[in-house]
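Subsequent text provides structure tokens for two forms of one protein chain, presented individually as structure 1 and structure 2.
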Structure 1
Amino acid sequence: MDLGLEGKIALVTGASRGIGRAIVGKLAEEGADVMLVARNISNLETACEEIRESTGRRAEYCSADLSGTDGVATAFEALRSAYGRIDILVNNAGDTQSGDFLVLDDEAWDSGFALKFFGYVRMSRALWPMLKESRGSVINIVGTGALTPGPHFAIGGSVNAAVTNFSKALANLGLVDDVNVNVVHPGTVAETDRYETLLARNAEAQGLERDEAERRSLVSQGIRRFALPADVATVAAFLASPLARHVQGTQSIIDGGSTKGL
């Protein structure tokens, strides 16, 4: 199926690794020219080289810390000077801390909201006029923690719920400005650094080896396997495409059936 992404311009945050790397690669594979944003320059350079080589598309990067206003301004300026326009914004950079509610301090809560909530809000606000001009789309990568809270994921769940609410509000503005806004909720996504970090904390809390904690997590979720970054990227690319123009303000859950409620 041709997604109709040839020649589109896409900016993906947290694009150097994990889910963001898979999304930016998929968009380029489908014909988009891309801007990758994250902090580590060496990872960004490697990702850009791989994308140029495998797709032949233009891939630029911007090193910026999106947990503050300066980083968002830097990313906006990099996009504006490299491409001068944008069709697709994928907000994906997030790094909330999990663990014991009584141990996680204000700093952990602040940094969780600073990057994933305010980072998404600020990037959307900065790029909205250009997205309005191109009748573009915003895809917010959120997480099933928004739907099913857990005591050890209180920060991530709260941030994700806030991003989901914000996304619906933005989708309503998008009806006026002709910009599509949708949310993708991944469940547990293996082969990401975040997965390994969360798994290690989980294993430690339960006094288990990594592999045993992983096995129990799969069993407790009652699913066939964990998601892979490519599972999320495929859905994000579809939602970013003109084929999904009538899909507005929705939440797509990519968790293999782990979420049991509605």
Structure 2
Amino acid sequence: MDLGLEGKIALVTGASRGIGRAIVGKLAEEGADVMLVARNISNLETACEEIRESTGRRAEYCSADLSGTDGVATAFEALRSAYGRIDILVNNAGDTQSGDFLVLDDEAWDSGFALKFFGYVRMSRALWPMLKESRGSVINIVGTGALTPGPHFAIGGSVNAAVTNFSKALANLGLVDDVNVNVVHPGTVAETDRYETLLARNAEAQGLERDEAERRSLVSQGIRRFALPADVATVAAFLASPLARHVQGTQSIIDGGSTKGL
């Protein structure tokens, strides 16, 4: 299916690996020229080279820490200099700490909100005039923690819930300015560095081998398999496309059915 993304300009944050890397690659496969934003220059360079070779599309990168205003300004200037416009913004950069609520301090909470919540807010605000001009799209990658509160994921769940609320508010502004805004909630996503780190931590805590810990996690969630980055990328690309123009302010859950509530 042709998603109608040929010649579009997309900026993806957290784009050098994992879900972000899959999304930016999928957008390029569909014909978009892309700007990758992340912290690690080596990973960014490698990702850009791979995208150029595999898709023939233009791929530029910007190394920036989006937890502060300076990083957002750097990313904005890199996009303006390279392309001068934007059609698709995918906010994906974010990392929150999990653990005992009584142990995690204010610094852990501040860090979680700085990168994911305020990073999404600032990037959306900085690029909104360009997105309004192009009648573009914003896709916020959030997470099912927004819907399933838990004491060991209090920071992540709180940040995700805040981003979801913000996204709905932004979608209402988008109805006025003709910009689409939607949320994608991934569940557990395998084949990522974060997944392997969390799996190793859980295996150690339970005194299990990695594969057995993984099997038990799958059984406990009652699903057929864990999501892959490509699963999230496919949905994000559709939501960014003209085919999804009437999809506005929605939450797409990519978790294989592990979230049982409405």
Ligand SMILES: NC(=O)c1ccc[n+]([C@@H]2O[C@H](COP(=O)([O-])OP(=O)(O)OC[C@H]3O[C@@H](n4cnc5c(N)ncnc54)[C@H](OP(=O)(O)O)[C@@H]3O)[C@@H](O)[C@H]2O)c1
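Only a predicted model underlies this, so the values are computations on that prediction, with no experimental measurement involved. By convention here, residues take numbers in order along the sequence of structure 1, the first being 1. Only the largest set of C-alpha atoms that superpose within 1.5 Å between the two forms is called the rigid core. Residues that one form lacks are left out of the comparison.
Here the chain taken from the form predicted in complex with the named molecule appears as structure 1, while structure 2 comes from elsewhere. Taking the rigid core as fixed, one finds a CA shift for residue 213 of 2 Å or more between the two structures. Taking the core as reference, just one block of three or more adjacent residues between the two structures has all its Cα positions offset by 2 Å or more: 197 to 213.
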